[in-house]
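Listed next as structure tokens is one chain, alone, in the form predicted on its own.
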Amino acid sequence: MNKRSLKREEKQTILLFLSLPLLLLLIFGLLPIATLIYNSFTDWDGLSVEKNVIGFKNYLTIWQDPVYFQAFTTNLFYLGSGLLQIVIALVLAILLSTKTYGKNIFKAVIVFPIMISGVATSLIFRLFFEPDGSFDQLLHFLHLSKFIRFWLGDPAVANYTLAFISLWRHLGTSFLLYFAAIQGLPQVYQQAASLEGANLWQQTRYIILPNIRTVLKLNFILLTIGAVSAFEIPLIMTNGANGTATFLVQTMKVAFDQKLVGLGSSLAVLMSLIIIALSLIQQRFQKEDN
């Protein structure tokens, strides 16, 4: 058997092994995306067998009606929660990277929430923040009854409550990223700095932060994407009521509650484009660091 026929057989073997994964990717990956994009140019209600192509009318409706973009203001609460999460997780990672008494217990407490599903977390906090629930009882016990609110029913505080739950739920993820990055730094840097008399703040400013900036940028982009696509917590906790509907929750309601699947598909396409743009920015940061 000559070399040329051997290469042909190798190509046929590779093609044979790839054919099934490629077919599955086409059916379950690319075809739904293509269908979503097509639906965004129709007036389909999700029930009728007819789909009338209406061009860019759905996109013009979104552009001309500010109510669809107002949901992004709700996403800003989750973005603020994400920024606070970066700061708290970074401080905790730095402190627990030093010789701290009982740090394994603290690490377990911080990481524990990410092992609970989002649905379970939402149900737990729904009971916790319900009127006269555990949180209200705690405020009564601390003689702080005057601060009791309808934590999930008052539009003035509901988004803050949900943003706090999101912070509690995802803090462990950011902590693990920072802690692993700090543990990966050569110990000789900090040992030399300690010998020179540098305190923890100086070591953080001149050694830790410059060496983990890639992780900081990556985590910021991931949190931004998470803020844009916040869904399960507002859906389960309030079903998007009382001004808590994020862009994704609103998209679902437009598509299925209002039976405007075509318009909902347009909203989903726009959100996908935003997430793709953020991912491209993330890749650009990584290339600059490399």
Partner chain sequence: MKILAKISKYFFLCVWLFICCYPLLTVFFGSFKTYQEFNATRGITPPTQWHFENYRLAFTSGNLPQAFINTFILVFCGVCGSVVIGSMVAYVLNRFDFPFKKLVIGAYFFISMVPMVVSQISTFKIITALGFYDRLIAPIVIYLGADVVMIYVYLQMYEKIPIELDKAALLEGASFFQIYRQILFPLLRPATGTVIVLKMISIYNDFYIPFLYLPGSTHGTVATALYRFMGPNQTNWQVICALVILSILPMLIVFLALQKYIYESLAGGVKS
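Fair warning: this is a prediction, and the values are worked out from it, not measured in the lab. Numbering follows the first chain given and starts at 1.
Keep in mind that the form predicted together with the partner chain is not shown, yet the notes after this line are about it.
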Practice task
Tell me whether 28, 125 and 128, taken together, all sit within 4.5 Å of the partner chain in the predicted complex, counting heavy atoms only.
Solution key: yes
Completion exercise
Given 201 to 209, 70 to 78, 151 to 159, 178 to 186, the stretch touching the partner chain in the predicted complex at heavy atoms within 4.5 Å is 178 to 186
Practice task
State the residue from 144, 111, 83, 193 whose non-hydrogen atoms include one within 4.5 Å of the partner chain in the predicted complex.
Solution key: 111
Handout entry: 4.5 angstroms heavy atom contact with the partner chain in the predicted complex for residue 231
Key = yes
Exercise for the section: Indicate whether residue 236 is a 4.5 Å heavy atom neighbour of the partner chain in the predicted complex. Expected result: yes
Practice task
Although the partner chain is absent from this view, report whether residue 66 comes within 4.5 Å of it in the predicted complex, heavy atoms only.
Solution key: no
Practice task
Give a yes/no on whether residue 251 approaches the partner chain to within 4.5 Å in the predicted complex, heavy atoms considered.
Solution key: yes
Practice task
Counting only non-hydrogen atoms and a 4.5 Å cut-off, give the residues of 10 to 42 close to the partner chain in the predicted complex.
Solution key: 10, 13, 14, 17, 18, 21, 22, 24, 25, 27, 28, 29, 30, 31, 32, 33, 35, 36, 39
